[in-house]
Structures are given as structure tokens and as C-alpha cells.
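One chain comes next, on its own, written out as C-alpha cells in the form predicted on its own.
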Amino acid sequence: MSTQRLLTLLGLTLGVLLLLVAPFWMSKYQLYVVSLWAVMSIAAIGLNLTLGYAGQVSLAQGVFVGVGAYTGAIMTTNGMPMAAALVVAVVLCFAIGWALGYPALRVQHHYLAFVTLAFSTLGYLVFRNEEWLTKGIYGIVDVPRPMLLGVQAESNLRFYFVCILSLAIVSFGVWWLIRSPWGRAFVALRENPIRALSLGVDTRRYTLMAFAIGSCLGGVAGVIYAPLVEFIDPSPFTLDLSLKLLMMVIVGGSGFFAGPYLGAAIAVLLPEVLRFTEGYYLLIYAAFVMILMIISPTGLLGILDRYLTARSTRKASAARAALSASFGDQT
């Protein structure tokens, strides 16, 4: 087993054990923060699929989280199960994401970012102004928490495990997807669309699918977010959320499978860790992110990837040198 795979397996094992054991010693607020990390990780995974693997810039992921949150809040407060809300949110976000993908067929990069920025603004205005549906600025209160295997997940600890289980299911699904022919087609689309088209990849269909699937995961995160906070109003779903999700993907490592988890930890957990600095924690947090982007534009995992690549290169060079020396001795 290679060093990279061994480190990945070790990190995954330690992470899973920590997530399963640590909650029993956490306070209610700490459980909420880690649950929020799990929810934001799901949304960031969707954006990483769109941006990191398919290379399509989106500033609208926060809106899809809002669509999922409002769908879940409206349906569950009217007596419907969370599973039904999840299905409706996935279908709705898939359809909207597919439609939003059409501009990506004609414009790229910052032009596409402006299109998704406009959609993000439009989504927020709908959440705020369509009171007949969203209750506007007054919001939807008392969003109920779901049943899990016949047990009401009312407590913070039980709902924490709902969040972690949802993250595990999404993670497995995306892991399978990026290793399937679809995942390879997404990467080909990101690296060189013209070459991908010449090799027979339907770039039009895969561009739309990248937006649609990434948007679905934003909707999934929103459905879980609604019962986590138990109150939904428009304020969390501004452009700020989309930019924060974009930062999670970039800081963690765009195009790396583990990037969204690490980026969400930096965005959600690090500010809480730095609160002991009182009024300076946001300054320290912002400085950390800026310095990281200067040192490694490919994020934290980009640093690790460069180190492992350089190490493999040195080993290969040493092996070639030893082989050349042995041939020289024989002659």
C-alpha cells in the first residue's frame, strides 16, 4: 500500500472514531457546531463536484441550500415526513440546477460567475418577498426534527447522528460517482473541454449534470439544516453563504475528495476555536485564510499533494540513479 493511501485510510479511521465517540462529551452548543459542520460539508461537496471536478464556477450554491431548507420547513411543519421533503427538494434543486447549467454552455469563468450571482440575488428576493409561501422576514418557526428508525431525533445528540449519517451517505455516493465514468468525464470537462469533446464526451450533457447534481446536494444540506436550527428565514441564504461555501472548497482543496470536509472545518470550527482571542478571532481567521491562499492557491490539501508528489519523485529519481549505477558496475 502506498504512503498516500495509508495516510488517507489512517485519517479516515481516526476521523470516523472521533465523530462517533466525541459527541458524548460535548455540550449542546458544541453538538450544534459540529452538526452544522456536517451540513455545510454536504453543501460544499456539491459545489466541489461542480467547481472542483467539472470546472464550472457557481455562486448560487447558497440559494440551493435555501431551497432545500424552505422545502423541508414548509412540508414538515404541515405534517409531512422529512423523507418526502428530501425527495421533493432533490427533484426541485435538480431541475433548477439543470436550467442554471444552460448559461454554462455559452459562457465560462467569471462570466458564468456573474450569471450565478444574479440567480443568487433572485433567490434571496423570492425568499424574502413571497410571504404567501416563505413567510418572508418573519420566517417559519418550530421546524420539527425527524424520526430515525422509529426514534424521534429531538435531542441535539440524536440529531447530531442524523447529520453524520447523512454526511456518510452523501460521501459514499459522491465517492462512487467520481470513480465512475461520469466522474472521469467531469474531470475531462474541467481539464480541456475541446479535447473531451473530440474524445466523444458529451460536454453539453455533463455540464448540465455537474450543475444539477451539485445543486441537489445543496438541497439535501438545506433539508437537514432546517430542523437543525428549527427556524428558517431569508437571512442565512444571502450571497454571503455562497461565498462561504466557495471559500470552503478552495481553502480545503478544490478537486480533492476530502477538500470540502477540511474547508468546512476551517470555516465553521476554526472561528469557534479562536474565540478565546475575543475581538481578534475574526482578524486572525481572515489573516490565516489570506496567507494560505498566497502560499497554496490549491488549498491545504494542495500542500500535502505537492509534498507527496515531490517525495515520490525523489524516490523514483533515487531508484533510477541506483539502477544506472548497477548497470555501470556490470559493464
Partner chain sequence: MSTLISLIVSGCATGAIYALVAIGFTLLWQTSQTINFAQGEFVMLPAFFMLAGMNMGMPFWLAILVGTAISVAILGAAFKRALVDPMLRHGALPLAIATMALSIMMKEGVKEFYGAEAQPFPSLIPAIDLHFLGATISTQSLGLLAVGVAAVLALQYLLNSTSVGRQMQATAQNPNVARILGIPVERMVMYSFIINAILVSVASVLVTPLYLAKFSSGETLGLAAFIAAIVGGFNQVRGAILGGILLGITDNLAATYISTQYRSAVPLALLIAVILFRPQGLLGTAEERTV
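Since this is a predicted model, take the numbers as computed values, not measurements. Positions refer to the first chain, counted from 1. Rigid core: the largest C-alpha set superposing within 1.5 Å between the two forms.
Omitted here: the form predicted in complex with the partner chain. The next part is about that form.
Proximity to the partner chain in the model of the complex, defined as a heavy atom within 4.5 Å, holds among 303, 293, 33, 266 only for 293. Residue-level contacts in the model of the complex: of 137, 199, 80, 118, one residue has a heavy atom within 4.5 Å of the partner chain, and it is 118. Taking non-hydrogen atoms only, residue 145 never approaches the partner chain to within 4.5 angstroms in the model of the complex. Taking the partner from elsewhere, residue 158 is found to have every heavy atom lying beyond 4.5 Å of the partner chain in the model of the complex. Within 4.5 Å of some heavy atom of the partner chain in the model of the complex lies at least one heavy atom of residue 128. Proximity of residue 122 to the partner chain in the model of the complex: non-hydrogen atoms within 4.5 Å are present. Shown here without its partner, the chain carries 51, 250 and 287, all of which come within 4.5 Å of the partner chain in the model of the complex through at least one heavy atom. Note that among 64-72, 23-31, 38-46, 272-280, the stretch whose heavy atoms approach the partner chain to within 4.5 Å in the model of the complex is 272-280.
Although the partner chain is not shown here, in the model of the complex the stretch 13-30 places no heavy atom of any residue within 4.5 Å of it. Residue 280 is among the residues whose C-alpha shifts by 2 Å or more between this form and the one not shown once the rigid core is aligned.
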